[in-house]
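Below you'll find only one chain, the form predicted on its own, shown as structure tokens.
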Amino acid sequence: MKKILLIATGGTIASGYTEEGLAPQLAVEELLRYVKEYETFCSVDACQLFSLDSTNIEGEHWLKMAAAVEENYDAFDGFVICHGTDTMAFSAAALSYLIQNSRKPIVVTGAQKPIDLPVTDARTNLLDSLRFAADDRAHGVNIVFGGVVIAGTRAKKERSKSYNAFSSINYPSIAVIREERITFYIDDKEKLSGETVFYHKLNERVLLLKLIPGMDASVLNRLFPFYDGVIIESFGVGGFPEYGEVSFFSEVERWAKAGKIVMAATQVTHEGSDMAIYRVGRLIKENFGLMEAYDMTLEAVVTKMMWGLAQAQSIEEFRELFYTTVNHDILFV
């Protein structure tokens, strides 16, 4: 029987009603009381890492989650992390970079409604996650939610209330779970080689800036002292406007000469960027060596930049790290 470590971090799944609204209240042991069926296929130890609404989770918490897995890695066959849904995709992506090449599953899950309500998705999600973590074919960091298994770097929360809150973006789902059956669409555990690697540093001086029509590039000038990297969500397949008193061309050049990273992404959820198509994208990319996110999710781009900036000693090393595929995060380079 597989031995699983359940790591609780708060979130809706563990929340209760207060005068100010829903807030995490239930301890991890209380969560397990609602899914006693797990006892037929695995044993579970529990760890209450912290108890937060996921809106309040940031880089230091990702490092603590990764550290909890690392400290217990040899003692357990798999890990399930209970987490709030609002920043779950960011956390799953961050964990994908902090814990690489794991032959053991690290599952992130949560719920749209608290586990103690009569009607909730929480019990199904938690039981599915424990079941997936106990499966011999499971490995790496994945989100299990709404009966779907999604690679940690490919998940995005696309619905704020529905039970099928998460989608896999620009990549197939890893598996689906129906009742007690797990059907794998991507079964690639045997392709893994080498040791599991844990990383312990992030650089959170990263900004995500969404373009809107009429935005002047002077905003980058004001932000320059505070960030080591910026991701600009451009329009369509990618391009920066040429209007305004301060041009994006001059600001991108300034950031590049200072050794800072400028990354172009797209506001369009599906199919990714391709800055070579239009003049407004091609010129700035060719002139200033602008990087682009291609088919990656914004959550993956943000967290991979934080991870890469903390590891790399040069822009060249950062580029190499960023464009090396980790947990299915990028296909088109």
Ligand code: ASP
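Residue indices: 1-based, along the sequence shown. Everything quoted here is computed from the prediction, not taken from an experiment.
Not pictured, yet referred to below: the form predicted in complex with the ligand.
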Worksheet entry | Location of the ligand contact in the model of the complex, chosen stretch of 226-234, 211-219, 93-101, 110-118 [non-hydrogen atom, 4.5 Å] | 110-118
Fill in: Contact assignment for the ligand in the model of the complex, among G78, G239, G84, G140, heavy atom within 4.5 Å
G84
Worksheet, complete the sentence: Students should find that, of D295, E58, D274, D53, the residue having a non-hydrogen atom no more than 4.5 angstroms from the ligand in the model of the complex is D53
Item to complete: Could you list which residues of 4-37 come within 4.5 Å of the ligand in the model of the complex, counting heavy atoms only?
Response: G11, T12
